[in-house]
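Here you get one chain, nothing else, as structure tokens; it is the form predicted alone.
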């Protein structure tokens, strides 16, 4: 099975060979490195940029406005803050031209904690990014969705922010991407660059297809009638594992992978909460003005009379950054044991 970084690479290959992607660029995106997480190795449309996030975003806007289809990477989302004004302009473009101009650009960036990256490589930015109108925003939690969401992002006529959880980039999927070889060793031989001299290496791409995950469509990962658990990205697999533990105790939790943050799948969330009456929202961004608070408001407005107990947001601590030491990191963002405890408490509240 492909890991998440390999899935991104496969989708970009399909994009440059079948979907008209003209440029894939960013810091260390091109040869010889092929991205700090190896997600752009072996691609033909890649090139390297200076260490300039504003320049990367400005270049992507220019290429898109000139008729190209770029995929730009901000090496770590932690360095996107100095370019938020350009993100605002990109999001405005279609609206301010009364639909006259499209901006078919994808911006990829790794997000979140879990790699012991300390204060400069552990941010989550979805609460800020979702406040910028005009962008679609996606975050996969597994390799197959990573492939399918990126295919959809490339096909979209306007800006899409593609956020890849850093902690999951080396995690193998449990479902094959259509066209992916079943033997992961074969996949490694075909698309992973060798160590050392790569000057004569070219990948032998498998025949992957245009499989896509629709933007705006959530996925019910576990069904249940006791608690609705909504997550995405890094912490979604932990939510699933916690639900599996509680299932052994006779507590059936419904786990929903949001997959798309903007536009999010409100009908799926509403149907689940109307059934369970209990809501837990989980993410690793800081709790103040958290994106989960927006989801909570929307769901309370629509499902108020279905609620049996107050809904709960489990999010990162309100601290300026994530510490390098493991104990600091694990107390800065929710861990699996925290999710399990929150789910169990909510499931038994009011009894």
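Positions refer to the first chain, counted from 1. Keep in mind the model is a prediction, meaning the values are calculated, not measured.
The next section is about a form of this same protein that is not shown, the form predicted together with a further copy of the same chain.
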query: Heavy atom within 4.5 Å of a further copy of the same chain in the predicted bound form - the one residue of 204, 209, 82, 223 that qualifies; finding: 82
query: Listed residue (187, 89, 171, 245) with a non-hydrogen atom within 4.5 angstroms of a further copy of the same chain in the predicted bound form; finding: 89
query: Location of a further copy of the same chain contact in the predicted bound form, chosen stretch of 248-256, 141-149, 121-129, 163-171 [non-hydrogen atom, 4.5 Å]; finding: 121-129
query: Touches a further copy of the same chain in the predicted bound form: residue 38 (any heavy atom, 4.5 Å); finding: no
query: Contact flag, residue 42 vs a further copy of the same chain in the predicted bound form, heavy atom cut 4.5 Å; finding: no
query: Proximity of residue 133 to a further copy of the same chain in the predicted bound form, heavy atoms at 4.5 Å; finding: yes
query: Residue 262 within 4.5 Å of a further copy of the same chain in the predicted bound form, heavy atoms; finding: yes
query: Stretch 274-291 - residues with a heavy atom within 4.5 Å of a further copy of the same chain in the predicted bound form; finding: 285, 286, 287, 288, 289, 290, 291
